[in-house]
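Here we start with a single chain on its own, the form predicted alone, put down as structure tokens.
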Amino acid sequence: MKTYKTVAGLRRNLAKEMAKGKTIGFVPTMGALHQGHMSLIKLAVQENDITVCSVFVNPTQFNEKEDLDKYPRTLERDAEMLKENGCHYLFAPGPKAVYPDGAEKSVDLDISALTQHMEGPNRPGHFEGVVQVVHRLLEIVEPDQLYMGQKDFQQFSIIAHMLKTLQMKTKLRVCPIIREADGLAMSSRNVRLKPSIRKRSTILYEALTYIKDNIHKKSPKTLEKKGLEMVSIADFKPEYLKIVDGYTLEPIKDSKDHSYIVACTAVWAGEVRLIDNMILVG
């Protein structure tokens, strides 16, 4: 595996691969890699000739500088994991490499319809930052396929909207959530959980499973209320728990009227913000 910190170095080598007609799979990450990320890498390796992974903690998608500063950075360990799982190129740039003029260029894309609920109101400007960095990374890598995880459901839905609206050549591949043995969705933030809180973090999975088991037995409103009650235990503070249409991300009133339904939640577990979701129908 080769590692590059500059855009020019990476592009020069990828151009050689493209000239040979090789396909490129791309996995964008912010590092602190775990087996959830590796599931994306493995699929990219399986489906493409060349796999590229970026490790870039993007400052434009953090609402709080404190959260940006606390985000775990484990590049050496990340590189080892990527090499072991067959990744060909690691792109580990700094902000100046990704945004060379110092002025981050926003993408001309209306995402307001997809940010009305859930993460949108709680993290203003976050998804604009996500669109900005993914668009920029796609400009740099020019992959045939982009691999993202289901755990960030609203995020990949917005990126899918970007690819379609801007008629970009890259195809999106979404991979299922990888969970710990007790059901907690794998996340780079899990390492920051206090042991006593980590043990109880399975309550998110339990609440989502309860909702899935009852989606056709009780109303979405009733299930949302019950789910919020379940995750409102000591040291846990929910921001939201919403049952939405998987295509529009709009809240639903009756499960019978929708063919693709997802339950999404965000909960503060002590000082760590956890997100999770579960496909209920579809």
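All residue numbers are counted from 1 along the displayed sequence. Worth saying up front: this structure is predicted, and the values here are computed from it rather than measured.
Below: the form predicted in complex with a small molecule, not depicted.
A.B. asks: Only one of 204 to 212, 85 to 93, 148 to 156, 109 to 117 gets a heavy atom within 4.5 Å of the small molecule in the predicted complex; which is it?
C.D. replies: Residues of 148 to 156 come within 4.5 Å of the partner.
A.B. asks: What is the one choice in P238, G246, G36, P220 with a heavy atom within 4.5 Å of the small molecule in the predicted complex?
C.D. replies: Of P238, G246, G36, P220, the residue with a heavy atom within 4.5 Å of the small molecule in the predicted complex is G36.
A.B. asks: Since exactly one of G183, P124, P72, P176 fits, which has a heavy atom within 4.5 Å of the small molecule in the predicted complex?
C.D. replies: Partner contact (heavy atom, 4.5 Å) among the options: P176.
A.B. asks: Is there a non-hydrogen atom of L40 within 4.5 angstroms of a non-hydrogen atom of the small molecule in the predicted complex?
C.D. replies: Answer yes; at least one heavy atom of L40 falls within 4.5 Å of the small molecule in the predicted complex.
A.B. asks: Can G227 be called a contact residue for the small molecule in the predicted complex at 4.5 Å between heavy atoms?
C.D. replies: G227 lies outside the contact set for the small molecule.
A.B. asks: Can you tell me if M30 lies within 4.5 angstroms of the small molecule in the predicted complex, counting non-hydrogen atoms only?
C.D. replies: Because a heavy atom of M30 falls inside 4.5 Å of the small molecule in the predicted complex, the answer is yes.
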